[in-house]
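Coming up is one lone chain in structure tokens, specifically the form predicted on its own.
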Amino acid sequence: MSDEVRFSLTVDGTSHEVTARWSESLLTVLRDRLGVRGPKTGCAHGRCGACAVRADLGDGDPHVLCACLVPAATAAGGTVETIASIGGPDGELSDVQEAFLAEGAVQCGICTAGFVTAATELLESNPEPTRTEIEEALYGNLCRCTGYGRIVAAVETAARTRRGEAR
């Protein structure tokens, strides 16, 4: 008996037919089978957030999750949005990505996709987050290069921009 499963998966708006082992993580399928490089392999234990994606696993309620922890087959028929879905269709940066650049919240880039994914989801559900709410939303994302102050400042800047407030 084969330990492989075949399923459909929509990633960043493109439908794919995937054949994967039951034990393969969503991150492995994204990176190794589909060539999607936005989610990064960090700790591979769900502790750093580098692999964060936004996924609807069939319940109609998309949310950010660590792709390294999710068996790919549980995403069968679902939709996954990576950092590639966050920017514009012609590669334009999103307001959150622009804020990360403006605030100097980007260094080596391993953690950036996860932070931007989490921050984007926060601002979609809460356009006026407090500093504490921002810190809570980013909990589980680790950065080994820079201080978290610039990252939190970037989320605050993106929130002000969305509200039309000047800096």
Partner chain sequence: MLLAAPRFALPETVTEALAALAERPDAVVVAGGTEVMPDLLWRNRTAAGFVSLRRVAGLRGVSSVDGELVVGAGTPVAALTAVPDAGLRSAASSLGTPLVRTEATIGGNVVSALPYRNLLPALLASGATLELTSAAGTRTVPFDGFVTAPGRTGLAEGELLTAVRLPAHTGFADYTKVGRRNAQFVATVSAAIVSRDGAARLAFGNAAPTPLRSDDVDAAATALLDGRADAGDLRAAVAAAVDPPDDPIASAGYRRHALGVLAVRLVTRAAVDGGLGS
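This is a predicted model, so every value here is computed, not measured. Numbering follows the first chain given and starts at 1.
Only in words, not in the display: the form predicted in complex with the partner chain, which the text now covers.
Enquirer: Given the stretches 103-111, 32-40, 122-130, 59-67, which is the single one in contact with the partner chain in the predicted complex, using a heavy atom cutoff of 4.5 Å?
Expert: Looking at the other structure, the answer is 59-67.
Enquirer: Does residue 3 reach the partner chain in the predicted complex if we count a contact as any heavy atom within 4.5 Å?
Expert: Output for residue 3 is yes: heavy atoms within 4.5 Å of the partner chain.
Enquirer: Is residue 75 a contact residue for the partner chain in the predicted complex, using a 4.5 Å heavy atom cut-off?
Expert: Yes, residue 75 is a contact residue.
Enquirer: Against the partner chain in the predicted complex, would residue 52 count as a contact residue? Criterion: heavy atoms within 4.5 Å.
Expert: Residue 52: contacts the partner chain in the predicted complex.
Enquirer: Flag residue 157 as yes or no: does it have a non-hydrogen atom within 4.5 angstroms of any non-hydrogen atom of the partner chain in the predicted complex?
Expert: Close contact is absent here: in the predicted complex, residue 157 is far from the partner chain, nothing within 4.5 Å, heavy atoms only.
Enquirer: Could you list which residues of 129-162 come within 4.5 Å of the partner chain in the predicted complex, counting heavy atoms only?
Expert: 136, 137, 139, 140, 141, 142 sit within 4.5 Å of the partner.
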